[in-house]
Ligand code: IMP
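The chain that follows stands alone, in the form predicted on its own, written as structure tokens.
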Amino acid sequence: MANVAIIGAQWGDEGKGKIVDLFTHDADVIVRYQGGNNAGHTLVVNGKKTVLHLVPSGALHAEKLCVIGNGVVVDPEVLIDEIRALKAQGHLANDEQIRISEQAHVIMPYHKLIDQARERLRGEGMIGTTGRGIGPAYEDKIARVGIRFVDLLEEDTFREKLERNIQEKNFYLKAILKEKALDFDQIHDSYCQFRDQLKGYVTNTGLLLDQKIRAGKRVLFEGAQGTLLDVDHGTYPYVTSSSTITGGACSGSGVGPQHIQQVIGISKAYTTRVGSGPFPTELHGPEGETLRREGAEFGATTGRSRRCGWFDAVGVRHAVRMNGMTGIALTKLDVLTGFKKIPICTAYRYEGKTIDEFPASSKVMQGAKPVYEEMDGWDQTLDNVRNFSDLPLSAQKYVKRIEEVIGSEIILVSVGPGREQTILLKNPFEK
């Protein structure tokens, strides 16, 4: 028996939603531990697509406990709409199935307005945020002026904090960002309504998780974004505002590291990125367009088209090391069908030097050129393949070579968006 963390091994959008949904069958509790509704996890079950932004991907399974941890920043209006939509589809029938950390921070209207105004003022230097207020909410958390759910539940505390924040934010909005001031009463009244709708879900989730683990329940920790967007270890400043790595699973859920036995990285068989920032293997021609089209590479949260490129083993090796990954789930192998040759980036070149490890320097990353080795492609469709030995030989060799260059075994291969379109080589809950 093991508790398992699912971590993105690239720049996000690796297909974590499908993999979490798949492994939820063997879990009792699913925990979302960082990020906000800037994440979008797409699940396809029986041909029906569901996109989740805040509720853990285990919501599609009856009787699974879904926990939104303290490391998540929550837009209450978005969460209410998401819960309502899931209930309309027959999910989350039992209100005991979802719990929100009392220590999770609340995204406020001024967070979203600041986020959008800053991106507008950055112009060509924009980071590429979703404009949903995630970064400013984390800023307030670190500045110790954020509003948590426990504060929202206490009317006097909420009013006091909101009055102070509105005064400060309105000055910043008007004087610096040239935006209109926000109205205290309007925000206060709407958030009181959100409080009334969500208060039944709020609890001490760190304690709850400890109780479940001590009772022998299996916990699945669900990350958002990816390792290369980690605020400390990603392509700073083109990163998200939270810790996307395994350490974030502990701090963002209130669970000690000894309780996570397996760390599974999710990686596409190629590479994508949304928004700005360096991307050494990016393709700008017809091959990139083919990957985008065949992989339906459009953001689940923003709808923006994703930048596409060949598999970057330098970045994934970095993710394997940073997270202590015990295995990799390789997704979208089917998208590569039809390419005669498929390059794998095994290193970078910068100013005449070969770089084997992921550089911290933004300047180096911007100027890095990929060092490729080519693998033979295949023409056979993979949609109905369910055993690794039934893959075309060149596809098998491609997967095995990726194992070698990233230094981690591949425990799962996804050959389509559906839950059933999966080759499972090893179940991390049974290790």
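Residue indices: 1-based, along the sequence shown. Worth saying up front: this structure is predicted, and the values here are computed from it rather than measured.
Here the subject shifts to the form predicted in complex with inosinic acid (IMP), a form of this protein not shown in this document.
G131: heavy atom within 4.5 Å of inosinic acid (IMP) in the predicted complex? Although inosinic acid (IMP) is absent here, G131 would touch it in the predicted complex, with heavy atoms inside 4.5 Å.
Quick one: does L229 come within 4.5 Å of inosinic acid (IMP) in the predicted complex, counting heavy atoms only? Residue-level check for L229: yes, a contact with inosinic acid (IMP).
Is there any non-hydrogen atom of G40 lying within 4.5 Å of inosinic acid (IMP) in the predicted complex? Yes - in the predicted complex, heavy atoms of G40 and inosinic acid (IMP) come within 4.5 Å of each other.
Just checking whether N323 would be counted as a contact of inosinic acid (IMP) in the predicted complex - the rule being heavy atoms within 4.5 angstroms. Flag for N323 set to no.
Using a 4.5 Å cut on heavy atoms, which of V314, I260, L173, V274 is close to inosinic acid (IMP) in the predicted complex? Among V314, I260, L173, V274, a heavy atom within 4.5 Å of inosinic acid (IMP) in the predicted complex occurs only for V274.
Could you spot which one of T281, T331, S253, T240 gets a heavy atom to within 4.5 Å of inosinic acid (IMP) in the predicted complex? Checked against the cut-off, the match is T240.
Within 4.5 Å, heavy atoms only, one stretch in 188-196, 221-229, 155-163, 142-150 touches inosinic acid (IMP) in the predicted complex. Which? That would be stretch 221-229.
Neighbours of inosinic acid (IMP) in the predicted complex among 6-30 [non-hydrogen atom within 4.5 angstroms]: In sequence order, W11, G12, D13 come within 4.5 Å of the partner.
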